[in-house]
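Next up: a single chain in structure tokens, the form predicted on its own.
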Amino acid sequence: MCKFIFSLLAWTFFWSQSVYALEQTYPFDDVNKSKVFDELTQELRCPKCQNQNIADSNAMVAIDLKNKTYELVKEGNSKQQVVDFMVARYGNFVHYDPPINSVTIWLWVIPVMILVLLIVVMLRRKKEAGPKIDDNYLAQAEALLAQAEQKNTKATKQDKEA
């Protein structure tokens, strides 16, 4: 049992060392550049992965993006310059906050249009679903009710006479 626990601990130690070896570090001389790099890796989206930023993704393209971001930030490019470079290279998909233009405006307009359309449809259905009583049907119902009352009164008179 002791051998098993010892081998398990040894395996865990060596495995954890390999995980540290895979983690890449991006050293900066300036703290502000390190902060900009961290913000950019959180804001830039991995082109390959579903909804992951390049800081969290381990895809090769995300690693390439991290390396290029590191290179650009280390050269002294501003945050916007790095974003512009990435957008020019990979398109608006690479940034989580795409600019509003003739294509992306539909992402905002279509849900509002659908909401307005649903409200209009609901209001019309509610208005149409209200009780509609035609005057002819109302007159027929009153006539039937009067006939039924007359039959009842005749039946009660006959019962009393009998």
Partner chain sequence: MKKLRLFIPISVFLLTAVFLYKGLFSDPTDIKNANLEREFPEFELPNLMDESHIYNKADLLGEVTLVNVWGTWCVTCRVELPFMTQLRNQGVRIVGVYYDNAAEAAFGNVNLAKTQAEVEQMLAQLGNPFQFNIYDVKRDLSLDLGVTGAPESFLIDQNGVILAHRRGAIDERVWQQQFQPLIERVQ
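Fair warning: this is a prediction, and the values are worked out from it, not measured in the lab. Each form is matched to the other, and the largest set of C-alpha atoms that superpose within 1.5 Å is called the rigid core. Numbering follows the first chain given and starts at 1.
Missing here is the form predicted together with the partner chain; even so, the following discussion is about that form.
Visitor: Quick check: do L65, R89 and F93 each get a heavy atom within 4.5 Å of the partner chain in the model of the complex?
Guide: Yes.
Visitor: Can you tell me whether V116 touches the partner chain? I mean in the model of the complex, with a 4.5 angstroms heavy atom cut-off.
Guide: Because no heavy atom of V116 falls inside 4.5 Å of the partner chain in the model of the complex, the answer is no.
Visitor: Would R124 count as a contact of the partner chain in the model of the complex, using a 4.5 angstroms cut-off between non-hydrogen atoms?
Guide: Looking in the model of the complex, residue contacts with the partner chain include R124, since a heavy atom lies within 4.5 Å.
Visitor: Within a 4.5 Å heavy atom cut-off, is M60 in contact with the partner chain in the model of the complex?
Guide: Contact check for M60: yes, within 4.5 Å of the partner chain in the model of the complex.
Visitor: Although the partner isn't part of this model, could you tell me whether K48 comes within 4.5 Å of the partner chain in the model of the complex, counting any heavy atom of the residue?
Guide: Looking in the model of the complex, residue contacts with the partner chain include K48, since a heavy atom lies within 4.5 Å.
Visitor: With both forms fitted on the core, check whether the Cα of V120 differs by 2 Å or more between this form and the one not shown.
Guide: Yes, the C-alpha position differs by at least 2 Å between this form and the one not shown.
Visitor: Answer yes if the Cα of L107 shifts by 2 angstroms or more between this form and the one not shown on a rigid-core superposition, and no otherwise.
Guide: Moves: yes, 2 Å or greater.
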